[in-house]
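The form predicted on its own is given below as one chain in structure tokens.
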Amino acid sequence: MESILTDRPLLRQQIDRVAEVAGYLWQKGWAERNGGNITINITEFVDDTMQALPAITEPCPIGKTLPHLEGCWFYCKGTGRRMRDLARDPMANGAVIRILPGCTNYEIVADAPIAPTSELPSHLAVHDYLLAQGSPYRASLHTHPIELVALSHSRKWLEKDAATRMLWSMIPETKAFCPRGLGIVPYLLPSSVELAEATLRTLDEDYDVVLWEKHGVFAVDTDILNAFDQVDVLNKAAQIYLAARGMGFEPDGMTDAQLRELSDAFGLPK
């Protein structure tokens, strides 16, 4: 069967980026078994002939009404699928879906009837929020970066912006590339409505990356590579902090004056 990516180079490029990031997540040890999820909004890459493609499943309920997603298309990691397999063959381990009129159901269009991630309602709720805000962000990523999750086991780093201040201070690039810092969501049941709602509230506080206590992170950005990069930069800062602690000392970190100088030099938020 011909793939939906055939003769659609821009769409293929987006899916290839997802596969690239999935490989990075596996290589870093951030995607054990079928851990983690990726969902990207591909609506702008859908042409007229793709619009006419028939569904390969019956309509599936989202579980909520998401009014800003009318006419939207998404590529989603498949439920139970491993990132290492998605990296090798994204269309055999993910689904292309379109949101149906009324914004309460979706249908799978290609390439195979693979059910999207079980966290699809949460991911779609985030995309609905982003579109409502007029955001250019089109990618959402959930993964399990080891050092950031380790920090979340200490109450000290769960205080608002405590982890952000420490991570920014470890290396100048952290604030330069993650100027909004790291939001915090206290532990809630994975895949729960409560976790999704808490994540939306935290994103609404002007964060791009949210740390879920004892679980992982959720990141949004313009595309999936940028979302990955934000998590990668923040986790590198956590690695530096934990490496210093492992050598037996508390790292000094950059001073407030040095961080202000950095913000002024690069036009970053204070």
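Just so it is clear, the model here is predicted, and its values are computed rather than measured. We number the residues from 1 along the sequence you see.
This protein has a second form, the form predicted together with a small molecule, left out of what is shown; the following refers to that one.
A heavy atom within 4.5 Å of the small molecule in the predicted complex is found for exactly one of 64, 236, 215, 68: 215.
In the predicted complex, residue 78 approaches the small molecule with a heavy atom inside 4.5 Å. The small molecule in the predicted complex comes within 4.5 Å of no heavy atom belonging to residue 230.
Heavy atoms of residue 84 never reach within 4.5 Å of the small molecule in the predicted complex, leaving it off the interface.
Of the heavy atoms in residue 135, none are within 4.5 Å of the small molecule in the predicted complex.
Of the stretches 84 to 92, 172 to 180, 114 to 122, 196 to 204, only 114 to 122 has residues with a heavy atom within 4.5 Å of the small molecule in the predicted complex.
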